[in-house]
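Below sits a lone chain in structure tokens, taken as the form predicted on its own.
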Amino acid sequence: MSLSISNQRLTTMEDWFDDNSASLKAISSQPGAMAGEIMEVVNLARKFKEEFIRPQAIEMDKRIQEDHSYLPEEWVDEACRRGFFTLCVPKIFGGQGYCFPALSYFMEEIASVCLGMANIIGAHYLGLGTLICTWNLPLIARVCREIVEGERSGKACMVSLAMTEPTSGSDTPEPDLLDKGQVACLAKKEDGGYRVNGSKIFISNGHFSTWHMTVAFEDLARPSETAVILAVRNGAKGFQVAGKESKMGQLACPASELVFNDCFIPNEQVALSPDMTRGYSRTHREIYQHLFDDLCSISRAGVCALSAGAARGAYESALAFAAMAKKKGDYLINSEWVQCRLAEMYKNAVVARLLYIEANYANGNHGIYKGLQAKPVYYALRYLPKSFLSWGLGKALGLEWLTGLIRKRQLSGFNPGMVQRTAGLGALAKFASSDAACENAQLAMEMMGAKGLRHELGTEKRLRDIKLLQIYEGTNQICRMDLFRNLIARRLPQAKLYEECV
């Protein structure tokens, strides 16, 4: 390294402080009532976990191992009956209106016992979050109404996100990688909508969902410039939920293949297209990047919450084992090496929790939660009656210029520095926490020895479940590169990004 480069201020003190102190700013800027909401949601999750999930998790895993075609629809029905699919749907759209950060604490509780069940609920909010990130208010209102009506009727209406293709995976949300990949899902523009051909794979909840937020491309040679996001509803002609993938972990949450064969999607179900962003101050490619940076900022914080729960579950099972098992006449927990390992596992679970809390604070300060967590908006949505909010939404949806203005401001009026902060922290939270969870599962297996392989103890299930956390929502290697792009390379114009991924 030359002296001139080593003397550059590659990271300013201000950047370092602001990037990693979101909670400090959130103390004064975010509503204090959120703490009470979060505790309400945690209590709901604990009750569900102890009454329903813990007694069934091991048997359900065994049942699906014996028959990979089995779909645990009774678990979906129970989550629907308890109102979990509208938990964080904003009240203005008819939902229960709990703040989105509360969902992370909820997911951690469920994941401490069964990652498969946690992902059934989490993947639904990933699909809904994708739709919300497009700021297509009429379409958001339509889908949310169906979710709420589904809960009333007892038949869950869920949403999935369909991105991954047979020839592309973690590269799909990142425009630089997308243009080097081999995407094949084509959306041809026609009068009145788009005609879609192609397929998607590894789609969480594909078999359970009614709506599928599908990413396709007008021009396969220029995917990042021509990306289209479509809301595909079950029953559309030419659309099929095909096979169920065989996988090792999180068996309760199906990974599905979706097939589009001359499937026509009308304009009313187009969430985002190049035509819609024409005339904005940003290019469609920049808006695509912004949308998925926003989405990954919250979805990777969600995976971090799953990881925190899994790390805690591994720690708790190892602690229980060490407290009961004996070696040479003494309890295992009295061995210094066991105490050190339990301390390491405790540390991993706590650090994972702190990471998603900090990532959510950053999203509240600078990201997609910012508007909803502004104190006037938050308290209005919390205390105004649903009927009044519904009336106001109806009036707003009738004013096309107003919904268009809100959308333009949200999609193109962003501050790139703030997006880098939330996206970088989301990536950090995801790979650090899932690696920590995996370490905890391995430490628990080592401590338990051969008994760790016994299915009924749940330890080997947890290790199988946790490995997926390092893969979905962008592999951990992709997340490391995203952290580099967003928080390290911003003052290094000579840095080349994603070059070895070609």
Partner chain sequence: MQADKVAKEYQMLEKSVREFAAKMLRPRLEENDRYPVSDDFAKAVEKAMELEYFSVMLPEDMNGFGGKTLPLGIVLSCISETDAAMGAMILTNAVAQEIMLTAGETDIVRDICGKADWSRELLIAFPLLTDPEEDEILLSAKKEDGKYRLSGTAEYVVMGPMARRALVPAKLGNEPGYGFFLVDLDLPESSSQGAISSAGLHACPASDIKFMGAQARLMGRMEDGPRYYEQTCIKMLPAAAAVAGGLMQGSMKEALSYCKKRRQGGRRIIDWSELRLILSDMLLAANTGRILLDNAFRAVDAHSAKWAEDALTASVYVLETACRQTSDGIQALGGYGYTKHSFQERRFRDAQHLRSIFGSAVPRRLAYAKLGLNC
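Because the structure is predicted, anything quoted here is derived from the model rather than measured. Numbering follows the first chain given and starts at 1.
Keep in mind that the form predicted together with the partner chain is not shown, yet the notes after this line are about it.
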Checklist outcome for this item: Assert contact_stretch over 441-449, 35-43, 22-30, 49-57 against the partner chain in the predicted complex, heavy atom within 4.5 Å, equals 441-449
Next on the checklist: Which residue, Y346, F414, F239, F202, is the contact with the partner chain in the predicted complex, using a 4.5 Å heavy atom cutoff?
Outcome noted: F202
Checklist entry - Is there a non-hydrogen atom of E473 within 4.5 angstroms of a non-hydrogen atom of the partner chain in the predicted complex? => result no
Checklist entry - Should H290 be counted as a contact of the partner chain in the predicted complex, where contact means heavy atoms within 4.5 Å? => result no
Checklist entry - Does the 4.5 Å heavy atom contact test between L397 and the partner chain in the predicted complex come out positive? => result no
Checklist entry - Does E245 make contact with the partner chain in the predicted complex, using a 4.5 Å heavy atom cut-off? => result yes
Checklist entry - For the spot marked by G192, S256 and V270, is every residue within 4.5 Å of the partner chain in the predicted complex through some heavy atom? => result no
Item to check | Sequence-ordered residues of 178-199 touching the partner chain in the predicted complex, heavy atom within 4.5 Å | outcome: K180, G181, Q182
